[in-house]
Structure formats: C-alpha cells, structure tokens
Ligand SMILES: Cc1cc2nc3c(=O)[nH]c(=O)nc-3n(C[C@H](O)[C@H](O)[C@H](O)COP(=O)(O)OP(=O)(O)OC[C@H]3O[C@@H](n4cnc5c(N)ncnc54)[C@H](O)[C@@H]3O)c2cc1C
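Just the one chain here, the form predicted alone, laid out as structure tokens.
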C-alpha cells in the first residue's frame, strides 16, 4: 500500500460549519471522478497498528486537472478527535492519503442521471458534474437534488441550473419537500440514481425508489460492492 504524504495548500470556509482542504497533488497521484480516499493525520501510523481514530474515509471533491486534492467536510462545534485536530490544522500541515478508489464514476449509458445527496454529500458529486460539463457524451441530462436543513448550500457556483447544458440543480431545506421531489424524479423509469449521505438517508431514498419501480441496478451508492449489495438486499429483498 502506497501512502502519499502531502501538505495542505489552502483552507476554504465554505459555510460556518463546512471547510474544504485543498492538498498539494503528488506528482504520480491520480484519480477518477467520484473517488474517495483514506485521509489520515500525522501520527496515524506511528505505532504497531494504525490509529484508526486519525483516519477517515473522504470523498475527493476535485478533478485531477484542478491540480489539487479537495476534501470537504463538516466540522461542528462538538466533534470527534479527528475533526478537532483537523480544525486546528493550518496551511502547510502534513496529512496522508492512501487507498483511493471510486464506486460512483459517471455512467455514460445515454440515460438521465439523478444525483441525490444530503449536506456535504454534495462534495462527492462536484467532480461528476464538472466532468459532465467538460464532456457530456452519452449522458442525456443530469439533475441534482440536495437537502440541507442548515440552508448553507454548498458549491452554489457549480450547482446552478444550466438549461443549455441539460443540467438542473435543486436545493431544499426540509425532508417533506425533498422526498416529494424524489418521487417525481422516479417517474423516469430508466434513469440512473446516485445517492450519497448517511446510511439512514440511503435506505430512505432506496425505499422510495423501490416503491416507484426503480430497479436495484439503476442505483449507485458510494459503497464497496459487498456493502452495496447488503444495502440493496435490505430494501429490495427483505421487504
């Protein structure tokens, strides 16, 4: 396993609780849209075994051509040891990344794509949208729907409807409106539905999609195949 040690190049305050950490890109480090990585703080591998409290599984919110590895996360006032340390880091601080992989690349199957997210889950979708803007081949349209009760919606400069590019972006701040919109989107029986958020959020969305006749193979989750299969089974087979 290769561990890439790099430095924080810039820290962006996206909202009062959300920060984006832009990391220097190691020369031989590359990734695809929708990728996640293991993001670790100094000291995580100092002992005989990795200190898992200093490691988090994070989405990369940038594309390689931006020449920075972007990590966006919410840091509340009351937070974990990891987030407390992360909040104290400054430009120039060292961090590590390793085991980078994507479970949610942009599928180009001449279908409509629906991006369903909660809060900072939108960071996973930022590179998919940018990739689509750069090359729309074999994608009919993209429709993003995000719920965030804080009303501090992320990446509003990118997640803005562009009719000419067949891109629709919607933000809502309550569950009732959100799930009603999900039902409406699911009238497209051949669409591809990406879902990013908490496990509860994934399950609730899949239950609605199942009720509307959306098949498991139309659902994309940012989970390893075995974990994804468990989630799918819990909704589609157990019911």
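As the structure is a prediction and not an experimental result, all values here were calculated from the model. Residue numbers count along the first chain shown, from 1.
Missing here is the form predicted in complex with the named molecule; even so, the following discussion is about that form.
Segment that reaches the named molecule in the predicted bound form - one of 91 to 99, 144 to 152, 158 to 166, 74 to 82, heavy atoms within 4.5 Å: Heavy-atom contact with the partner occurs in 74 to 82.
Can you pick out, from 116, 120, 128, 113, the residue that has a heavy atom within 4.5 Å of the named molecule in the predicted bound form? Exactly one residue meets the criterion: 120.
So which of 57, 176, 49, 65 gets a non-hydrogen atom within 4.5 Å of the named molecule in the predicted bound form? Residue within 4.5 Å of the partner: 57.
Given that the named molecule is not shown alongside this chain, does residue 14 nevertheless sit within 4.5 Å of it in the predicted bound form, heavy atom to heavy atom? The answer is no: residue 14 has no heavy atom within 4.5 Å of the named molecule.
Taking heavy atoms and a 4.5 Å cut-off, does residue 222 contact the named molecule in the predicted bound form? Heavy-atom contact with the named molecule at 4.5 Å: present for residue 222.
Where, within 24 to 54, is there a heavy atom within 4.5 Å of the named molecule in the predicted bound form? Residue list please. Going through 24 to 54 in order - heavy atoms within 4.5 Å of the named molecule in the predicted bound form - there is one hit, 36.
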